[in-house]
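Starting off, we have a lone chain in the form predicted on its own, written out as structure tokens.
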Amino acid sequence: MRQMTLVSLIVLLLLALGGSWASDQSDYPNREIEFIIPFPPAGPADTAARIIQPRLSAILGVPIVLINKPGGGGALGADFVARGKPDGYRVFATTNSTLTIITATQPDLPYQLNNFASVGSYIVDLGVITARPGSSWKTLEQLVDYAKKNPGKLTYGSAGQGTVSFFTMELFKLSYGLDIAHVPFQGTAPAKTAVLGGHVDLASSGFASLAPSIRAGQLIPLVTTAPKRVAAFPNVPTMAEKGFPEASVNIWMGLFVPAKTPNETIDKLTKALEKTMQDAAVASAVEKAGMLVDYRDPKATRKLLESEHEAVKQAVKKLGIRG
């Protein structure tokens, strides 16, 4: 009798725990959600997350806390999310580089694409290569000419090995056959500070991060990765029009969760993100920041991830990049 009672108690306890877990998932979200941004403040991922945070939080009915966790070109934050509990309360708010470029260039990473499920992608930031006004060149042609005559003397700053800014510059070098040394930083903001201070000669990032300094005359835009000339900077050529469309890599932002997160939870996040990107005030804020709204659902985002990852792997072979 005692044995049966003990067994019954264990069964009841397991049922209670199972019922509690199910309840927690069915009424998701019922507490604050963490957005892990794998770069320092002021970069594209951080800027994009701060734009959608208020509206997304209002739709979900819970606070969204933004946590910057930089390191390893975004790999530190990615691993932190991948190892987290798959319950929808820790979301990876990142750029494409952490799941496409780094995974293609660093095979020893503790995470891979299959460790994440897509919530959706939502914003694109067009890339631009810049220099200081006091440089020996004022145009793309002058830079290329100088770099060819002075191999190995120029340096460029990026947000880190394996980021879009790094890959953009490596493709630029490959396109023109240039020898320019890479100086990695922990994010876009430190790289921008370095070029402004003359510690590196060039810097590449998205317009959202560099446009204010360009408008202020602190940086000279030399070339963009946009598919066509940017309306706000009509005199700046594109890599495509210079004959190198394959060097046009742009930064896009997406939300991801650990792979085993329940579909019901992902669906709630996806619907909230889609509704957020349809908001006129959000769209206006995105445009003001120099970026573009480009919402994609989980399936389309996954397809984009996989195709870009494969394209990067092919480019890596040509570039000879090793992790």
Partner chain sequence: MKGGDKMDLVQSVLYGFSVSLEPTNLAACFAGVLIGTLVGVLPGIGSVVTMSLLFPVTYTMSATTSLIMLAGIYYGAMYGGSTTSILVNVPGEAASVVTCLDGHQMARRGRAGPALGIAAFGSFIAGTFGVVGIMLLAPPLASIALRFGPPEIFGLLILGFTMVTFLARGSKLKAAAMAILGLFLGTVGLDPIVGTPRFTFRSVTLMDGLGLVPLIMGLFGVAEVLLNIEQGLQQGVFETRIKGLLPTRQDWKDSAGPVARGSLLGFFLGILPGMGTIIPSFISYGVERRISKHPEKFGAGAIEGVAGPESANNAATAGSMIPLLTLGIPPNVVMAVLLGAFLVHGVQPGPLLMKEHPEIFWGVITSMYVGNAMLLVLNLPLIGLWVQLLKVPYGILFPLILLFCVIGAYSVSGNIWDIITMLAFGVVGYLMKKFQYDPVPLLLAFVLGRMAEESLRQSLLLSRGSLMIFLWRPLSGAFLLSALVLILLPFVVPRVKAAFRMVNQRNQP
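What you see is a predicted model, and the numbers here were worked out from it, not measured in a lab. Residue numbers count along the first chain shown, from 1.
Quick note: we don't show the form predicted together with its partner chain, though the next part is all about it.
When its partner chain is considered in the predicted bound form, Gln106 lines it closely, a heavy atom lying within 4.5 Å. Residue contact with its partner chain in the predicted bound form: Lys148 places no heavy atom within 4.5 Å of it. By the criterion of a heavy atom within 4.5 Å, Ile101 is excluded from the residues contacting its partner chain in the predicted bound form. The closest heavy atom approach of Ala289 to its partner chain in the predicted bound form falls within 4.5 Å. Residues within 4.5 angstroms of its partner chain in the predicted bound form, judged by any non-hydrogen atom, belong to 74-82 and to none of the other stretches in 74-82, 137-145, 242-250, 115-123.
When contacts are defined as a non-hydrogen atom within 4.5 Å, all of Leu154, Ala189 and Ala208 contact its partner chain in the predicted bound form. With the partner omitted from this view, the residue of Val293, Ala259, Ala42, Ile59 that lies near its partner chain in the predicted bound form is Ala42 [heavy atom within 4.5 Å]. Of the residues in 159-194, those that come within 4.5 Å of its partner chain in the predicted bound form through at least one heavy atom are, in sequence order, Gln161, Ala181, His182, Val183, Pro184, Phe185, Gln186, Ala189, Lys192, Thr193.
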